[in-house]
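Read the single chain below, which is given as structure tokens and is the form predicted alone.
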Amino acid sequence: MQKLPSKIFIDGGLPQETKKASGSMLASFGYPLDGQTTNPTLIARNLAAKQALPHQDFAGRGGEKLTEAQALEEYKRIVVEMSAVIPAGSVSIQVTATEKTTSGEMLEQARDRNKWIPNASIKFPATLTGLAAAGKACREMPINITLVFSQNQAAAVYEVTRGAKYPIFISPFVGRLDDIGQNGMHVVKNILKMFQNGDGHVEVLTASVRNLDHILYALQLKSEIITIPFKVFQLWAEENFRIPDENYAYEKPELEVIPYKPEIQLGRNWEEYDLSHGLTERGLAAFYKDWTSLF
């Protein structure tokens, strides 16, 4: 059995999807899923669906709104189930934040969530306060920087996590860039190129995958990790987990090129890089809105 050039995570909020995808990986490659990513929106959708159904073990049954404590307890229960499916893998758990949440508040959340399971990786947003918290957290736990859309943000992530004692993931969201007419996979390519001369302490996790071409190009680029929604994972499985051959070309002429910027170099203070990006701000607000809609 061959081994893929990238680790494969599943992206979702349902432990049963984790189990099915891991079983498919085991049958086809001889090893299970390498990990799982979650976010407040995916968990909220799962819990909102359950709220409408009578369920003996669910705190918000019968259409009742949850309290925040109950919602967190359900989030914990879900990731505990996921962790049991892939005990040797990584399970990303996100802090919930707005633009007003302080780095101290994020760090407090991270320390609590990191206790939920032994294989947690805590997700922080690629914002000024998010990276300030991440810079401290990376010396205490594995972390994953999410809502990344630019080479500048990636450089800041690299610098703020220098000297980390645990694995560091960075998650460029390719599908959301595609949605606004930009070639999101170019950001993955640019980050990998920029990191070539680094020390390898940050792994690039291709996220917001929408289609088979995203998977194939990420494999061709040798992105260290790819996280895939279950529906897209199933499409890939139906093609017997096709991998790109030497003739594969990722061509999306309808999407705007995102050029590599050689002037953005590693080696500066992390706060000197431009972290601003409209999609990061919108994504942070959407995650928080979806999460707080539960209670």
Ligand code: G3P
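No experiment lies behind these values; they were computed from the predicted model shown. Sequential numbering from 1, following the sequence displayed.
Same protein, other form: the form predicted in complex with this ligand, not shown, and the subject of what follows.
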query	finding
Listed residue that, although this ligand is not shown, lies within 4.5 Å of it in the predicted bound form (heavy atoms), from Phe169, Phe173, Tyr75, Tyr217	Phe173
Heavy atom within 4.5 Å of this ligand in the predicted bound form - the one residue of Ile143, Val148, Met82, Ala207 that qualifies	Ala207
This ligand contact at Lys123 in the predicted bound form, heavy atom, 4.5 Å	yes
In the predicted bound form, segment of 241-249, 255-263, 33-41, 65-73 with a heavy atom within 4.5 Å of this ligand	33-41
Heavy atom contacts to this ligand in the predicted bound form at 4.5 Å, residues of 1-23 in sequence order	Asp11
